[in-house]
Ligand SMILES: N[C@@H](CCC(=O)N[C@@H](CS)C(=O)NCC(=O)O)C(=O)O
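Given next, in structure tokens, is a single chain: the form predicted alone.
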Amino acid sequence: MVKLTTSDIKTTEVLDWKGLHLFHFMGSSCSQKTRIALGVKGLEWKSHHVDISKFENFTEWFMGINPRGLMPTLVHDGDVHIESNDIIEYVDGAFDGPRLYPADPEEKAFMDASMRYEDDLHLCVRALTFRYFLPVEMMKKPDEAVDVYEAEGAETVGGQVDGRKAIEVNFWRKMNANGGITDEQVIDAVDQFLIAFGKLEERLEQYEYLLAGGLSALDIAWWITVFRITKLGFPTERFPMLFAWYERLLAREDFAREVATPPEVMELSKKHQAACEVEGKSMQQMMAAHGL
């Protein structure tokens, strides 16, 4: 699990904080799945909303508790944890409540591998989000903001030199240079999700949830990904078991609450996706054009 060492933490005031504090952004997929997990566990926590649209995650203060400048970040009694899947695993072990990680070694091994697989698709989720959720002018980060991000903050995580920020910088530089997400990135991401969702479909043909033992962190992690991709225009009819599972979990208040989007934002997103369709560039039109 990714826990910062004292030497990683430059915003030292948090070392004295008591209780459970979550730094998050309402529309961030990783923040959403972390909040769902905290809700399923029945935990109370203090909210620190960080507006990434205003680059508040690029400030010296925030990067002093997360050198990667990413959401979410958890502070528990002065200890700082980053990366959503690691935060969920930490919280599951540290607090009472419904268990989100299995005790069975075989199920745990399967879960760990599948959680890593889900995490590895993060940039694919981002690519499709930045292409289809809102117009590119609203999604990209200007070069001067990326310059600040690249220059700020310590680059050690767990006391070791960390390369994650370089990956993030490269993503933003490429997006700015290309004027947005390219068609190639879209097709690559969709292809990755067709494979991933096929694997989930096979799993759900055997079990009600992704683990035989019932609802787990694995369901939460993958559900957020399915939620995001569905809202961007992915064809749900291809994977009936997967989307039946998705709808069951969406019906839960603790899931639905954390992905609620302001109506004005959803209206803007629908207009943007309609404009993409007029251009012949909707997700499904792109899939059809490339034989997917």
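The numbering used is simple: start at 1 and walk along the sequence shown. All values derive from a computational prediction rather than experimental measurement.
We do not show the form predicted together with the ligand, though everything after this point is about it.
Undergrad: Taking heavy atoms and a 4.5 Å cut-off, does F239 contact the ligand in the model of the complex?
TA: No, no contact at 4.5 Å.
Undergrad: I220: heavy atom within 4.5 Å of the ligand in the model of the complex?
TA: Looking in the model of the complex, residue contacts with the ligand do not include I220, since no heavy atom lies within 4.5 Å.
Undergrad: Indicate whether T225 is a 4.5 Å heavy atom neighbour of the ligand in the model of the complex.
TA: Looking in the model of the complex, residue contacts with the ligand do not include T225, since no heavy atom lies within 4.5 Å.
Undergrad: Mark E201 yes when one of its heavy atoms lies within 4.5 Å of a heavy atom of the ligand in the model of the complex, and no otherwise.
TA: No, E201 is distant from the partner.
Undergrad: Which of 203-211, 121-129, 184-192, 98-106 has heavy atoms within 4.5 Å of the ligand in the model of the complex?
TA: Partner-contacting stretch among the options: 121-129.
Undergrad: Only one of V40, L249, C30, I65 gets a heavy atom within 4.5 Å of the ligand in the model of the complex. Which one?
TA: Result of the distance check: C30.
Undergrad: Taking only heavy atoms into account, state which residues of 51-81 are within 4.5 Å of the ligand in the model of the complex, ordered by sequence.
TA: I52, N57, F58, G69, L70, M71, P72 sit within 4.5 Å of the partner.
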